[in-house]
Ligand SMILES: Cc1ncc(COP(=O)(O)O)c(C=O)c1O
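As a starting point, one isolated chain is supplied in structure tokens, in the form predicted on its own.
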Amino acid sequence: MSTAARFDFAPLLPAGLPAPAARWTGLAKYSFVGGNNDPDQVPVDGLVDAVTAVLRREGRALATYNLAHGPQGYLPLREFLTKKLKRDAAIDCSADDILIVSGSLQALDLVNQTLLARGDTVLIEQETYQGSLNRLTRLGVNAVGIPLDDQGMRMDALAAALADHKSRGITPKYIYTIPTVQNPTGSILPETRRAEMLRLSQQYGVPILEDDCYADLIWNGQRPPAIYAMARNNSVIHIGSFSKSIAPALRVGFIVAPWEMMSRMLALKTDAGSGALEQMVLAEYCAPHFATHVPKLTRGLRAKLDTLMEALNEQFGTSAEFEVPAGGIFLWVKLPDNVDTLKLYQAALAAGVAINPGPEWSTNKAHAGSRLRLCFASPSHQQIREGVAALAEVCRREFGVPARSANVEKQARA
């Protein structure tokens, strides 16, 4: 083994880099974090058949970047999306209005690279996707949180924020919303509020970034039209993903946008194209199977949610408060005010339980201080029960959270 001193890269690193990543040590025994889905619901057999069929038919196209389908992605997948978006979200678009990207995170990056500069302002739901908040922070963008209620972003608060910024000569670059199965709260923005958001968008000249990544996972299968579908002036950028409906590891998402924005984002997407094989397999599988796969997936997810809510009621009683989400893979939970979920995260992890502490998912750290996000899709029913019991024990030991108390009202509501 060489005894030479290790080269020191530290002096060469530019200012402003994020903190270094920790080495991967594996998932916790009871993992309630991330956007992972149910491993038993991945349509493995169907994907195997799709891989075989599409590779035999079109495999030689892998010799050409983008499969010779152009920089916007594999045409059959974009054509599938035009039909799906019309059927499910009332979006009337063509394949030329769609850009396939490497997951919705790349979609966020492309929108941000196109629209934002350091010092800009974005209006965003007060509780929201951690990935979007982190990106805005790294870009030096001011993320102004708009409060939510049980029906999503409050339009009175949005109107007040827009008026306040206008009075100070500030035009926010966009309004970011997850209107259909909001992350982390699980609410659905009603059509009346969507219309009001569009009205405010037009009045103040601020576009809307609509993140619909969880919209397929609604318990009753019914949703309002997408905000993009309701717009009449090309003021909305719509992003979505196959991560929650098929599998997150495939890393396939999409953007629907007017050409004025699409052309700018294409100029920035200099990665020689998102993974072609993933696009080919998804198109081959989804065209015949998506409409039957998703209801089966959501039934399984709803059953896991029921197990999680039952376990919380059993272990925490009235100490854990939550609203039943309209769909998705997350439950947003409020613990007693004295519980600091950032500290709870460390103590729970030492006990083998991984959680998402609330402050990482909010622009209002104090408001979210005793809240946490639990992903119920990935663990088994037994792991959910055991993990919640272990979490409750940590809460009792570290924060004096009372042992189980009667919670009849919440059990009935759940």
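In case it trips you up, residue 1 is the first one in the sequence shown, and so on. Just so it is clear, the structure is predicted and the values come from calculations on it, not from any experiment.
Another form, the form predicted in complex with this ligand, is not on view; read the next lines as being about it.
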| field | Three-residue site N112, Y174 and N233 fully in contact with this ligand in the predicted bound form at 4.5 Å by heavy atom | value | no
| request: Sort through S274, Q72, S104, S187 and report the residue having a heavy atom within 4.5 Å of this ligand in the predicted bound form. | output: S104
| field | Contacting member of E127, D216, D211, E284, with respect to this ligand in the predicted bound form [4.5 Å, heavy atom] | value | D211
| Stretch from 300-308, 114-122, 176-184, 160-168 whose residues place a heavy atom within 4.5 Å of this ligand in the predicted bound form | 176-184
| request: Using the partner position in the predicted bound form, report whether T341 sits within 4.5 Å of this ligand, counting heavy atoms only. | output: no
| in the predicted bound form, R223 touching this ligand (heavy atom, 4.5 Å) | no
| Looking in the predicted bound form, any heavy atom of S241 within 4.5 Å of this ligand? | yes
| query | Hey, in the predicted bound form, is R251 touching this ligand, heavy atoms inside 4.5 Å? | reply | yes
| request: Could you list which residues of 141-162 come within 4.5 Å of this ligand in the predicted bound form, counting heavy atoms only? | output: none
